[in-house]
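Given as structure tokens, the chain that follows is alone and in the form predicted on its own.
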């Protein structure tokens, strides 16, 4: 393993911010894995740390293929991570909305440019990503539909679901989009949580990446587990949002990954002052809980639950 400084940012009143990369193997730039780019992405950084630990073992056993190299960057935004702030600590900008970057621009543009200059050369790019919606997800692979997406490779992770979605205008400045435009096969890996550690889903994600590395001939190892059937490819239309009408105290009654039937109770919203039930959220159709709100309070008209819903003929 080689530990390298990918990018360094000097500061007036703090130690320099260093974006550190861990390289395994040598030769062709095969796979790059990027962890947290936002200050609350603790799970994403943790998953990278577990991956680094696993790659150390594979390298010690000489199970990384000759002529192949793997780069892992656990954290791009340690400044915001240190103070628990989601976006850049001084101007509240999002590094993952600054790619491919500009080395003469604003701070986050410079960081994006410095990191992207290194990682754009890799054949496969994997990002441990988080969603703008705060809650728990069923682990899955997500890709934008840019015309360069690679669904067949995404299936090699052996997650139950691969989710594709249409590209929106602001997506053009994300890492995943720019990786694809620069002809890197890019995939976003979503584990269960963001701000809290979920060791099991992090372990599952590491195994999924190892399965991909084996399928691509980059490592030669034995991986247990994985989804035994072909991954199901979904689009946004297959995710049915269940929104609440009321604001209040929120409690789930079903859980991520659970199969539910039409009419089944999914969550309850109660009055924060008087305790009475304000609303019961029930499944509008048979499906699998893909996402659920997690915070104890919820606002009105919030997507509290998303179900994998496959209509007839899907």
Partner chain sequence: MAREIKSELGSVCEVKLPIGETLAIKRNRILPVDTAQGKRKRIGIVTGIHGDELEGQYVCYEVLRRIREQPECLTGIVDVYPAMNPMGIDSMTRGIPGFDLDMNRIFPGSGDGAMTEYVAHKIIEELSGADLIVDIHASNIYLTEIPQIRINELHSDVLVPLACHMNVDFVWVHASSTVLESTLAYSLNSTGTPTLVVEAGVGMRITKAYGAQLADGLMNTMRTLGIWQGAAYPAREPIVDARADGVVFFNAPKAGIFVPEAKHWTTLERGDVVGRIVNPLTGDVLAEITTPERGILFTIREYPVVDEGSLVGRLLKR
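Residue numbers count along the first chain shown, from 1. Just so we're clear, the structure is a prediction, and the values are computed from it rather than from any experiment.
FYI, the form predicted together with the partner chain isn't displayed, but the following is about it.
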Checking 243, 199, 165, 220 against the partner chain in the predicted bound form, the residue with a non-hydrogen atom inside 4.5 angstroms turns out to be 243
Residue within 4.5 Å of the partner chain in the predicted bound form by heavy atom, from 82, 203, 145, 172, is 172
Within 4.5 Å of the partner chain in the predicted bound form by heavy atoms, the stretch out of 25 to 33, 266 to 274, 48 to 56, 62 to 70 is 266 to 274
Taking any heavy atom pair closer than or equal to 4.5 Å as contact, tell me whether residue 150 reaches the partner chain in the predicted bound form.
no
Query - the partner chain contact at residue 247 in the predicted bound form, heavy atom, 4.5 Å - result: yes
Please check if residue 121 has a heavy atom lying within 4.5 Å of any heavy atom of the partner chain in the predicted bound form. no
inquiry  = Check residue 86 for me: does it contact the partner chain in the predicted bound form (non-hydrogen atoms, 4.5 angstroms)?
reply    = yes
Those residues of 6 to 42 with a non-hydrogen atom no more than 4.5 Å from the partner chain in the predicted bound form are 9, 10, 11, 12, 13
